[in-house]
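Okay, so here's just one chain, in structure tokens, the form predicted on its own.
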């Protein structure tokens, strides 16, 4: 009798074991989480915006007013605790297309000449999880894949044939047939020339570009001038990325032009560009003959002096 009882218990145990696996609650995949990465434009400790005077910029501490401040960023990724970079799938809207977003810090008031709309954030979704860092690149990439996996030409595409924000004519770069990755323009507080307010420009973009012999939309550029940035410690809920004009223009004389374009338009021989590219940690020209690193970053983007993280 006791043996029957033991066998019954074993049978019941096996049945229960089988039943547990059959009735176990499946683990539901976690939905993607919405992410908004905030950006800001500052000059030292002061927020840089239209209608305000930015004090003490450059080597001669020249005050200036903002005229334009727009830039493209792409390949925005969140970094998890293992150091793995997870792409942020950008929300597609007027400021974001495929993996590219345009940041706009001016609103066409005061001395500003851009558009009335501001955009100081990049939005998208990422797999559920905890993230501790952030990486992205300044500039517009040559290509990106669309939802169907088709490669789409971006930087050197026709501004009349692509969606916003790559369709902005003012950010087209006619002399290089691409986009101005950064369009930062100031009115320094200096005497007018021939009765006209002095405009000071910083335009960053790929240079040395040549069209493909077969496909006119394909270009190769000797100086890509794409700037990578990486913040190993970044709390997207509490912090934001700041582009600091004071650091960007450190050592640059805004009160007069030393040659080339007024300011810096990424020209390899422009005197102002040497200092600005050094501040950005970009090679304006080859670091040594034959290195072929012109227009490439000097580092991996972990130690930028110009882009910083601060609390919102």
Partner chain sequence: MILRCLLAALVLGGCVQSGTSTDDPARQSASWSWALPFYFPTPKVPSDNPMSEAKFQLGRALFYDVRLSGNGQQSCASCHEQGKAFTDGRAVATGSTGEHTPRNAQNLANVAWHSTYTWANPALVTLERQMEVPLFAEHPVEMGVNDQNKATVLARFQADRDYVQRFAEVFPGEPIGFSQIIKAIATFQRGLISASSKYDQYLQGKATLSAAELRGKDLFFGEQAECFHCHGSFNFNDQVVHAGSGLTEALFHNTGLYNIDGKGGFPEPNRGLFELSGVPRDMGMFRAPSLRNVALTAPYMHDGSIATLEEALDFYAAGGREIKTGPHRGDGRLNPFKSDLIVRIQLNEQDKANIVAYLKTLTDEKFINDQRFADPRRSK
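Only a predicted model underlies this, so the values are computations on that prediction, with no experimental measurement involved. Positions refer to the first chain, counted from 1.
One more form of this protein should be noted, the form predicted in complex with the partner chain, which is absent from this view; the next part is about it.
Contact with the partner chain in the model of the complex, defined as a heavy atom within 4.5 Å, holds for exactly one of 193, 170, 94, 117, namely 170.
Note on the partner interface in the model of the complex: the residue among 110, 208, 228, 127 having a heavy atom within 4.5 angstroms of the partner chain is 208. The stretch that touches the partner chain in the model of the complex, counting heavy atoms within 4.5 Å, is 213 to 221, out of 130 to 138, 77 to 85, 95 to 103, 213 to 221. Using a 4.5 angstroms threshold between heavy atoms, residue 161 counts as touching the partner chain in the model of the complex. Contact between residue 187 and the partner chain in the model of the complex is not found at the 4.5 Å heavy atom cutoff. Although the partner is absent from this view, residue 269 contacts the partner chain in the model of the complex, with a non-hydrogen atom inside 4.5 angstroms. Of the heavy atoms in residue 265, some are within 4.5 Å of the partner chain in the model of the complex. Contacts between stretch 50 to 68 and the partner chain, counted in the model of the complex as any heavy atom lying within 4.5 Å, involve no residue at all.
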